[in-house]
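For reference, the chain that follows is the form predicted on its own, supplied as structure tokens.
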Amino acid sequence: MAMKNALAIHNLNFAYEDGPAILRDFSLTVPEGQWLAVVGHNGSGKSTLSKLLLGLLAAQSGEMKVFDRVLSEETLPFVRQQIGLVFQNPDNQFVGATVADDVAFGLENKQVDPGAMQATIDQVLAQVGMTDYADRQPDTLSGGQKQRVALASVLALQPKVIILDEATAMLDPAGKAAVLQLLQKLKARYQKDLTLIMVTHDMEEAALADRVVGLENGQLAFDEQPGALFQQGELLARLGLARPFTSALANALPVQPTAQMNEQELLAWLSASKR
């Protein structure tokens, strides 16, 4: 059975008023269930692409399809049911007086039955490890906790696609690690029923994805699996992107591992190589 495309973008062009082109004849397809990382330097069009997909901005030309439905004013409600967006700054998403209220907000807008609503709130807060914080005010939470609540609010609406727009950029290392670990658990749980699009400049995050695409001057600079991409040091340097630490270290070794590894896997490989 052929795999469906969650997203299909064809010849997309966009520029802000009186500004240069941000996206130029940009095309990209994202199969359902894929974890895609979108990388590039500031101003390359990464975040603009996220806003275009949700209809927050309107392209000058080109076509965007979400599960085979062309994005238009008529299909916008359908598209926004399919896609959830987690912003860089979680404070931009909070609207409730408590964590539970914030998760409930989107459900109330969908007119979900109050009985079912509470069950959903309990479920998604448990998924993101925030059950004990249901009655806390959002402004009392750490950055990582806020981002987990923001993700819970998106999960409550059961989108098929979640876009994370630089969602860990403002977090400390512990908060970032917690959010990334949560994303891995969610992807393992939902598999093909969840498509993740991670907009980032952090190649350590990109290493978690199934596929990495790079933007440069509004166009596709590369489309690779992480392991193959991280061997292309000159390309990454030209785009102002750094190899993940483990990839750079492995590349410097006299004998290199045959596959992309995380830190724990590389340490285990080095330990075994000494024997």
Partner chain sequence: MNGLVIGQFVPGHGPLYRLDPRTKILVTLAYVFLLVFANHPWTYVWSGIFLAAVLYASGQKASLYWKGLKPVFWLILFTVFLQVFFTGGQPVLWQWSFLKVTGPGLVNAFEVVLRFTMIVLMSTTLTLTTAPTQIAGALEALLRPLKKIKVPVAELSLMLSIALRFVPLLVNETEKIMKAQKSRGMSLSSGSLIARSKAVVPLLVPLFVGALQRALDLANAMEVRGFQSADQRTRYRQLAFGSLDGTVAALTGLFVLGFGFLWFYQL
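Numbering follows the first chain given and starts at 1. Source: prediction; values computed, not measured.
This protein has a second form, the form predicted together with the partner chain, left out of what is shown; the following refers to that one.
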*Within 4.5 Å of the partner chain in the model of the complex, counting heavy atoms only, one of 25-33, 227-235, 209-217, 54-62 shows up; tell me which.*
54-62
*With a 4.5 Å heavy atom cut-off, would you call D165 a contact of the partner chain in the model of the complex?*
no
*Does the 4.5 Å heavy atom contact test between Q191 and the partner chain in the model of the complex come out positive?*
no
*Does any heavy atom of Y133 come within 4.5 Å of a heavy atom of the partner chain in the model of the complex?*
no
*Although the partner chain is absent from this view, report whether G96 comes within 4.5 Å of it in the model of the complex, heavy atoms only.*
yes
